[in-house]
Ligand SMILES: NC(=O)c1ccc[n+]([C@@H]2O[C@H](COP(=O)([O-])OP(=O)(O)OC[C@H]3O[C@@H](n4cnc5c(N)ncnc54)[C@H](O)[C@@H]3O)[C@@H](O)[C@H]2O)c1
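Shown next as structure tokens: one chain only, the form predicted alone.
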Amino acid sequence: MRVLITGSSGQIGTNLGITLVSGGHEVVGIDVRPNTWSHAFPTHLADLTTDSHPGVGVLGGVEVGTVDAIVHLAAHAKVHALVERPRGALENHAMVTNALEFARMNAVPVILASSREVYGNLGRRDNPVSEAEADFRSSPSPYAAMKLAGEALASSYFRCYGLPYAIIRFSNVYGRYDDDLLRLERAIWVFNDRIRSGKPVTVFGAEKTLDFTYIDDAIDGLVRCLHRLVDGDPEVTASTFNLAHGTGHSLLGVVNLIAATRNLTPDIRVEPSRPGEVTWYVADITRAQAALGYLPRTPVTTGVPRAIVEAMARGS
């Protein structure tokens, strides 16, 4: 199988590409920046926010050749940044449109990466959120609204053109290849950097609880979905899946896990949640378990210390 990955220089794209290559598949990547983590597969530099006129074997003005599927991960991924600059959400939608057009013109299935952000604050304590609960009226941010719009566009391509697709809603994926704060500020690594530097750690939301997903679990579910979609599995085609661990963990708890791993005492400052942020989310992963055989194996209490120990070994 030959797979095109957009956003291939990011955390999920890099790990997915390496996993597919190690499984004997061929991968071609597209990203706006070079891949600083791995050279396991080729990366073409292209900006998918422009009107690039996808064609047969061409995306972002780049000749990528014949592929069996496309996994679209490319996006401006910082929620609060898109609250401050909402045009970034429109650019995300342009990327989705170009990916879908490529898939349509090349007659290949597409997986679109979405997010638990689409649920807004529908989540309630002890009540995991299922895929059916997403509603545009609950969108907490421009980022979330455009993720939902991208999902709707994929559904319309299925109805109008018969284009096979699947939606993966990721939730706070962390682990290998995501600690470059100059590229993207992820909460776990912001916390880690401030704790090791002896600086105060600001947590936005005293009760904020989210469903953190270790990278190996996320990639396992994504690869399972990809194989089944390419094989034409009716349980996967035109379906949406939550990929998460299925348990909630507070941001304060994550800070304390990082500090304990480093044997340090954190100086924690708590501030109110910022506009556009989700404050409570735990995923219902029943559908992914049933259709994909998805079984997450790494809880936060294991995954966060593992990620921090790996970072410490690299001097981070």
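All residue numbers are counted from 1 along the displayed sequence. These numbers were taken from a predicted model, which means no experiment stands behind them.
The same protein also exists as the form predicted together with the named molecule; that form is not shown, yet it is the one meant from here on.
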message: Using a 4.5 Å heavy atom cut-off, which of 230-238, 110-118, 187-195, 129-137 contacts the named molecule in the model of the complex?
response: 110-118
task: Identify which of 167, 173, 201, 145 has a heavy atom within 4.5 Å of the named molecule in the model of the complex; exactly one of them does.
output: 173
The single option of 285, 48, 282, 70 touching the named molecule in the model of the complex, heavy atom within 4.5 Å: 48
query: Hey, in the model of the complex, does residue 83 get a heavy atom within 4.5 angstroms of the named molecule?
result: no
field: Contact label in the model of the complex: residue 10 to the named molecule, heavy atom within 4.5 Å
entry: yes
message: Taking any heavy atom pair closer than or equal to 4.5 Å as contact, tell me whether residue 31 reaches the named molecule in the model of the complex.
response: yes
- prompt: Wondering, does residue 163 line up within 4.5 Å of the named molecule in the model of the complex on heavy atoms?
  reply: no
- request: Could you list which residues of 71-96 come within 4.5 Å of the named molecule in the model of the complex, counting heavy atoms only?
  value: 73, 74, 75, 76, 77, 95
